[in-house]
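First, one chain by itself: the form predicted on its own, in structure tokens.
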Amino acid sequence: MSILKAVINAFRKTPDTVKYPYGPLVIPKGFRGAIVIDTEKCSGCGLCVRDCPAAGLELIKESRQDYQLIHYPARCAYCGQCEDSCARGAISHSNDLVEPTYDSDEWVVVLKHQSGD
């Protein structure tokens, strides 16, 4: 009999979940969303790449002045380790949600392309 009461009460109560997409999405303080880079501060040192536990970043260096910092959103755990590792404060997380995609070209994001030319 107590199970029946619990089921009836469950139908009477309002849901405990968020109302999104039928209401506004409230993002909690400290949410780590999409990765943002300040290209002026990034020196291509590779500390963020070295410390990334999910292999979500890659640094391709052709020389000291020629490099690409690549982000793989599908691999990224959004843990914040890259932000903590960056000595110059060049990499950070925004409060923006990462958009889902079915296009494999969008799974690779070039955060910075530095050319020494």
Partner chain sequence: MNKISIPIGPQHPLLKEPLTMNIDISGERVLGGTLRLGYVHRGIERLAQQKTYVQNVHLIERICGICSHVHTTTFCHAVETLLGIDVPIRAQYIRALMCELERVHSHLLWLGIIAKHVGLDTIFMHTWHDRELALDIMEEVSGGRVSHAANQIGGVRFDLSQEQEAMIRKTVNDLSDKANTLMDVIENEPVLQARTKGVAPLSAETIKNYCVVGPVARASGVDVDMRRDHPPPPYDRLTFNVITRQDGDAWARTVVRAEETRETLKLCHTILDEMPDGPVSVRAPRKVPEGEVVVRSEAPRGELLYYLRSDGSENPARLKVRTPTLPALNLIPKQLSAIHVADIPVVMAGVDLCIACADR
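In this text, rigid core is short for the largest set of C-alphas that superpose within 1.5 Å between two forms. These numbers were taken from a predicted model, which means no experiment stands behind them. Numbering follows the first chain given and starts at 1.
There is another form of the same protein, the form predicted in complex with its partner chain; it is not shown, and what comes next is about it.
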query	finding
Interface membership of residue 62, its partner chain in the predicted bound form, 4.5 Å heavy atom rule	no
Touches its partner chain in the predicted bound form: residue 80 (any heavy atom, 4.5 Å)	yes
Close approach of residue 31 to its partner chain in the predicted bound form, 4.5 Å, heavy atom	yes
Proximity of residue 51 to its partner chain in the predicted bound form, heavy atoms at 4.5 Å	yes
Residue 10 C-alpha relocation of at least 2 Å between this form and the one not shown, rigid core basis	yes
